[in-house]
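In the form predicted alone, a lone chain appears below as C-alpha cells.
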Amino acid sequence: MHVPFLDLRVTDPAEKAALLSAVERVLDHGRLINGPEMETLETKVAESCGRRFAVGVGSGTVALYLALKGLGIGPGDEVITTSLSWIATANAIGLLGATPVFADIGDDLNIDPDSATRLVTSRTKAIVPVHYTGRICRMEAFEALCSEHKLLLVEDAAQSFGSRLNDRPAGNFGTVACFSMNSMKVFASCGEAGMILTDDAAMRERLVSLRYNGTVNRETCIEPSLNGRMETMQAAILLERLPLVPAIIQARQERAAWYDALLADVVDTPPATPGLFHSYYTYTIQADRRDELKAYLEERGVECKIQHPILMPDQPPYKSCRAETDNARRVQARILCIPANEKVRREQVEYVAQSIRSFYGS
C-alpha cells in the first residue's frame, strides 16, 4: 500500500469548480495584486481570530519578517525563539540584523517558558513562540514574561490556523501574530500566502506600507522594505477554502484519534493538553530507533517526514548564537511525522499503525 504524507491535488470536483471559478473572476476584473478579494479575506481572517486587523502578504516568512520590522526589531536586539522550527523563524530575525536566541523545548515540542526566562538579558527585545505542529504554546506564561520584562510578543502561528487554547484562537496572542497559508497548511492556498494580525491601527498602516516596498500612495518610499504582497488569485482561493477549514480539522482530529488508539502502547503519541483544540498540521510521534523506523516505513510505501532534522541553532548562520538545547536534542532524535491529513483513509491509518507495530515486534 502507498500512503502519501500529503496529497495536494484538488480531487473534489465541487472544490475544483469553485476554485476555477474564483480564479476566473480575478482574471475578469484584472486586479491581480491586492484586488477586492484581498480586503474580504483580511476581514474574514481577522474576525475568525478575534482581531481588529489582518494584513495579507506573500508568505508566512514575509509575515514574520515584516511583523518584526514593523515592531522596530533591528541590529543590537536579541529575539528569543524556539530551537525547533523551520529555519524561516530564525531567518526573519537574522535578516533584520537582530540576533536570535534559542530556548529549549518541552516534551510537547513547544518552546519552554522557563528556558526562555533564563535567556532574557538587557538586549532582549521580543519573544517569538512557535505553535509547533499546530499545538498552541503556553501563551499565558509568555504574556506574563513579556509584561514583566517589557518585551514584545510575536506569535508565530504559521502551523496552527484553527487551533484554540481555552477557547482563544491561534492568531489572537501578542502584539502581532503571523500565519503561513502555503499549500501544505490546514488553511492552504495553491502556492504561497501569509497573514499578519494585530489590534493596533498604526501597526496595521505601517504593515500595509511595508508590504509594498515601504511606500505610501504607491509612490513615496518612507522606509526601505520589500515587495511582500499577496497575489489576488491566492486570496480568492483562500476565500473559497476558509469555510472548509472546520471539516478539514475535524477529519485530522479523527485520524489523530485513530493513531492514538492504535499506537499509544508502542510509541509516544502527541500528549493531551487541557483546553487545547488541536488543528494537527502534523501528527508527530516520538519513537526509539527513529531513523530505522523511518526507513522501514518508507520500504513499505509509507511517506513520513522529520520536521526538522536540524535544530535552528545548529544551522551554519546561527551556531554562535546563545541557546539551550538539552531537551531539544533528545526529542529531535525521536520525532517523526506520519500521514494524518484529511485524505488519509481508515485502512491507510491501520496499515501505517500495523507497520509501526510490526517494526517493534508488537
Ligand SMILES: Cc1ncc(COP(=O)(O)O)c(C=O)c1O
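We number the residues from 1 along the sequence you see. Because the structure is predicted, anything quoted here is derived from the model rather than measured.
What comes next is about the form predicted together with the named molecule, which is not displayed.
- Only one segment in the set 135-143, 84-92, 237-245, 285-293 has any non-hydrogen atom within 4.5 angstroms of the named molecule in the model of the complex, and it is 84-92.
- Interface residue among Asn34, Ser48, Thr325, Ser59, judged by heavy atoms within 4.5 Å of the named molecule in the model of the complex: Ser59.
- For the candidate set Thr99, Asn182, Thr117, Thr215, a heavy atom within 4.5 Å of the named molecule in the model of the complex is found for exactly one residue, namely Asn182.
- Taking the partner from elsewhere, every residue among Val130, Gln159 and Ala193 has a non-hydrogen atom within 4.5 angstroms of the named molecule in the model of the complex.
- Val55 falls outside the set of residues with a heavy atom inside 4.5 Å of the named molecule in the model of the complex.
- When contacts are judged by a 4.5 Å heavy atom cut-off, Leu66 does not count as touching the named molecule in the model of the complex.
- Applying a 4.5 Å heavy atom cutoff to the named molecule in the model of the complex picks out no residue from 97-126.
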